[in-house]
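A single chain comes next, written as structure tokens; it is the form predicted on its own.
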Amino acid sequence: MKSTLAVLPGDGVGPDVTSEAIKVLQAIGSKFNHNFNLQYGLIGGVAIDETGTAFDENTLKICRSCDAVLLGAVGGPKWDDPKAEVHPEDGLLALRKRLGLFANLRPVKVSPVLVDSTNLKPKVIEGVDFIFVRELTGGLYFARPKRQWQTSRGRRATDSMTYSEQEIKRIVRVGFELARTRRKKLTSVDKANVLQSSRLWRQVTMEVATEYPDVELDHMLVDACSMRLIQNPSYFDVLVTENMFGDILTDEASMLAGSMGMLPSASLAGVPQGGVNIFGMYEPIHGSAPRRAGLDMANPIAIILSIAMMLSYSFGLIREAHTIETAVEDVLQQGYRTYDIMDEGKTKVGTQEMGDLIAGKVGG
């Protein structure tokens, strides 16, 4: 099989971990006789420095010509001035919106060998395996109006959370479809006791639920959900929520797995259904960690597992995706750890060596 992949390494540790993901992808290609054609583009701070914009038309053209997109990370203190007209994150938002990547999937699965590597009791996180479905192209992050201005009484700013019935329907359907392939349980997260947008969210979700009588639906306020994630995370199977709530809750949930460096993500332009390949963008959920850039420290497992998601959702290569997931688990089972998941008695390795170990398992 021949496939084309847009690669956007971005800023900070983005290039460090992206190169390890490509290493593993090439090992998959060699083992299963696939040819992955790579097209590189700019995004984030490096794009601002070179083109004056965080996501230029050339990179958009590259992405649209490919079967999927692999992203490293964006941002850093160099571009953090709140008064700046352009920020690296603007590129990420533009990429999501212009490519129609409305469904962000963030699985949270605790590896059995890492249950003692978190701040929570093992009995709380053992067997945790759920997935977030986060709406990605609406809500506060794409607010209209979205501005800051000066008044006679001082400065003011506004961001508005707006959702249409159609936006809610399509993301909720993603949640229901995924639930059908898992434990058939969907938790819809909102703030319907306060927000009108959440009240519409809950109404539409209940309407869509009539199309999925085989899936159990429950509704949970976002603050209650944030507590339940720590108190009893094994309660969840599939969670669906709007953009900002999903952003915050998934970062919280990453601590269940020991580190943000362990969790992948997929941003899809369609509803995942059996046998249908979907255009998507794949990235680790962690940030650019600029202080660790170039130091061979960052954990590449999240982006390597993102490659596995890409193979599954965009290329339909289920066996190959499973091969990567098994390779990661085997390396962890052998006691190898990057600094963020390091534990007593384990062998500490850097970014490149972890990539080498996983690629070696893939090709072995």
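Counting begins at 1, following the sequence as shown. Small disclaimer: the values here were computed from a predicted structure and weren't measured.
Unshown form predicted together with a small molecule; subsequent notes refer to it.
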Handout entry: Partner proximity in the model of the complex: D237 to the small molecule, non-hydrogen atom cutoff 4.5 Å
Key = no
Counting only non-hydrogen atoms and a 4.5 angstroms cut-off, does L99 reach the small molecule in the model of the complex? no
*With a 4.5 Å heavy atom cut-off, would you call Y212 a contact of the small molecule in the model of the complex?*
no
Is the gap between L178 and the small molecule in the model of the complex 4.5 Å or less for some heavy atom pair? no
*All of K109, I131 and R228 within 4.5 Å of the small molecule in the model of the complex, heavy atom check*: no
The stretch from 87 to 95, 122 to 130, 165 to 173, 217 to 225 that lies within 4.5 Å of the small molecule in the model of the complex, judged by heavy atoms, is 87 to 95
